[in-house]
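Just the one chain here, laid out as structure tokens, in the form predicted on its own.
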Amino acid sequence: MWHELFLIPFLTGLLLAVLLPVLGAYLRLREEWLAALAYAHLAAGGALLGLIGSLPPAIGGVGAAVLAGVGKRLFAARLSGGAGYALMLLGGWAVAVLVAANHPLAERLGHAMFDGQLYFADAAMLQLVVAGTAIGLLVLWRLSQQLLLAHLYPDFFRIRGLSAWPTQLGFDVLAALSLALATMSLGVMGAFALVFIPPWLAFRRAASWRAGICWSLVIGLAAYLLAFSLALYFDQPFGPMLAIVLVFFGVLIA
């Protein structure tokens, strides 16, 4: 376990298992959990486009995520019933599959991202995740009060003559960037599972907002540690194993 071959992927996933459940709590509060799945698919499509354009996949994925975060605030949020998120999801999936089907290198990377091969994470990815997790948690801490006020008391900003859109846009971009980093290592569905299931379970049990954040974090970390151990022991792709463990937790707790 302490060999660099496994330690770097383990630490990469561990940091994401801290960030994603906390981020997912705010997405669930805002009823935007479907946006997380859309961001993940768009990041996958952007990474594959970056690869065939002779760019590092991480740059392509992050670039697509930034555009998704801005586009979500400008266009997707105006469509009712989550239709904007569904369009983003389908567009990202279609681009990823088409690029993977027509480029040999993109095909291998596409399989890794959709299967969730955490073991491919290297030192460069770990550095990105360290920086992304630190920045993400700091930004969430700074935006937390404004996000809660904007959702629970939407007239607060209007009464005080303030604009809520900078806070909301900042959160959208942060969510998109975080999902892009997670997609590069945990895979599309593995990242979505960590964003969706721990907060969903925490919201059913927690007595307060802070308790919900703590429960989300505990459930996400427990699922990650168990899934990593099982995937390593049975020599299985990490993403599906993480999803199975979280589904089991969901059935057990819910």
Partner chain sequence: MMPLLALDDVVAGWQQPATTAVKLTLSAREIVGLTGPNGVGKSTLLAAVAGRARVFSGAIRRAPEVSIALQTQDVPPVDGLPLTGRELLAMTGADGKGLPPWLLDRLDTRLDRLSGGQRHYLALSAVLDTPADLVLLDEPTNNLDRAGVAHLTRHLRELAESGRAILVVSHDAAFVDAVCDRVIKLEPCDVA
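Residue numbers count along the first chain shown, from 1. None of the values given here were measured: they were computed from a predicted structure.
Keep in mind that the form predicted together with its partner chain is missing from the display, and what follows is about it.
Engineer: Only one of L221, L29, I52, C214 has a non-hydrogen atom within 4.5 angstroms of its partner chain in the predicted bound form; which is it?
Structural biologist: It is L29 that has a heavy atom within 4.5 Å of the partner.
Engineer: Based on heavy atom distances of 4.5 Å or less, which listed stretch (127-135, 157-165, 106-114, 85-93) is in contact with its partner chain in the predicted bound form?
Structural biologist: Looking at the other structure, the answer is 157-165.
Engineer: Any chance L148 has a heavy atom within 4.5 Å of its partner chain in the predicted bound form?
Structural biologist: Yes, contact at 4.5 Å.
Engineer: So, A206 and its partner chain: in the predicted bound form, are they within 4.5 Å at any heavy atom pair?
Structural biologist: Heavy-atom contact with its partner chain at 4.5 Å: present for A206.
Engineer: I'd like to know whether L152 contacts its partner chain in the predicted bound form, with contact meaning heavy atoms within 4.5 angstroms.
Structural biologist: Judged by the heavy-atom cut-off of 4.5 Å, L152 is in contact with its partner chain in the predicted bound form.
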